[in-house]
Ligand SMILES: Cc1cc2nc3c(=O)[nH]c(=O)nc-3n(C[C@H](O)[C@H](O)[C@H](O)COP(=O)(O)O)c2cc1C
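The chain below stands alone and is given in structure tokens; this is the form predicted on its own.
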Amino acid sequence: MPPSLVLSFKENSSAIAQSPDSVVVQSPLVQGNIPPDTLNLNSLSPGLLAAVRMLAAEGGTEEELSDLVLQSDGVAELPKFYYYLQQFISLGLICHTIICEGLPLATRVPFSPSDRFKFRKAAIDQKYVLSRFAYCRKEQGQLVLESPLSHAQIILADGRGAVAIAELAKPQTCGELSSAIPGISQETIQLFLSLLLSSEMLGEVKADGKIQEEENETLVQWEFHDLLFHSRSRKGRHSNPMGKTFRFKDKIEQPPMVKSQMSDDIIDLYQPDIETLKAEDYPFTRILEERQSIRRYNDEPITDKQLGEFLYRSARNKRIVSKDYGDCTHRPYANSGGRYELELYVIVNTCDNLPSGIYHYRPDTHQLCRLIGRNSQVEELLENAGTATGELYMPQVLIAFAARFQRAAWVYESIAYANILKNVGSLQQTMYLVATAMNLAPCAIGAGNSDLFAAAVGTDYYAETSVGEFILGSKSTE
């Protein structure tokens, strides 16, 4: 039996009869409070009505669907059928399933109306290779193939499809693939490759051995993980719920607003007079214009008083805001939803009146909790920070931003980590401005070692670890 390509409505779509000859077709509700796309079909002929019902039920090939219309309504209604079919595809409602020997081999599921599906038939003798952006993962008990280049996913319902994906790590023709995989015909492989090709998951190998994406200067400069993160934390290329979905409410207790005290070795920090600073501080425009990264320091180190003022002006709790889902807080820097999931760890190399080691900052009480003294891990964290700036010596003070990930994920879905990184940027800019106003030497760092941080502080890498770093020191007079 030759393979077939069956069309059907996407799971959780609906075709609701409004009258004997009218139907409302509705897309799945996936974006929280955003209403689903709907298409009102009125005055349908019997054949068109039967075709819509088939799409909503078991589905059918394009030929089977058009035959329903042709046999019931005649040739005159076929243009209307193809018009409606294109509308369904444009709304991201149509799945395409390869049926091989009576069973599904693979199903193409569109993510959204952004999908512009156009079937591209693979050539029998042409070599194809998998895109470097394509990847497989498990979802709801099924293996799926996805890519940030695509507006759809491929559900691999049969192990032979998964074997074909593995073989496509190297250039293959339809004949080579069917020979390498027992029990699958060349015709089926051709249809499978056509589905991948139509979903931007496959590249046609040219005479020079390259595919189009390898010659595209824009795509060449994207790394896999960066493009995947971008596509999955913005709307358009996935159908996952997004935003404040509170998916763990009434399931998992949310993390507290402020982390519990980490040690009994407490240091009270200096608190500046904010009202005095308002009157005497540098003008805001001057601070903005003079803000810059400074990587060289004065021989005299930063003092504990300066560090206390800096943290007070940058990161203290200013007030608590009660919401129906729990308490949030306000601090001097902007933060998504007032979650303030970032914890500050002060890693001291040299600071007047403060021994070297790692301290946790408590924003509610404006105190430092001493965690550990100077050891090999502290040395390595400081050395890594110095190297990251291009300098050969250690910073005076390194401030690590550690995210309590679940504090953000308890509220946000799809964008939790993206929000965390935006919050890191917000805090870094606030610290730059405060350090400039205080005539200190600030410098944000582009990367750090999260595994090393978690080992040094003793946190669970998956619950809390570093996502940003900031260096602070006394400003050189040179």
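Only a predicted model underlies this, so the values are computations on that prediction, with no experimental measurement involved. Quick note: we count residues from 1 along the sequence shown, nothing fancier.
Same protein, other form: the form predicted in complex with the ligand, not shown, and the subject of what follows.
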Is it true that N40, P79 and F88 each have at least one non-hydrogen atom within 4.5 Å of the ligand in the model of the complex?
no
Region of this chain that lies against the ligand in the model of the complex, out of 65-73, 408-416, 52-60, 440-448 [heavy atom, 4.5 Å]
440-448
Of the residues H238, R295, K259, K244, which one places a heavy atom within 4.5 Å of the ligand in the model of the complex?
R295
In the model of the complex, which of the listed residues (S231, T389, Q367, Q254) lies with a heavy atom within 4.5 Å of the ligand?
T389
Under a 4.5 Å heavy atom criterion, is S27 part of the interface with the ligand in the model of the complex?
no
Should F453 be counted as a contact of the ligand in the model of the complex, where contact means heavy atoms within 4.5 Å?
no
I'd like to know if Q428 sits close to the ligand in the model of the complex, meaning any non-hydrogen atom pair within 4.5 angstroms.
yes
Just checking whether R291 would be counted as a contact of the ligand in the model of the complex - the rule being heavy atoms within 4.5 angstroms.
yes
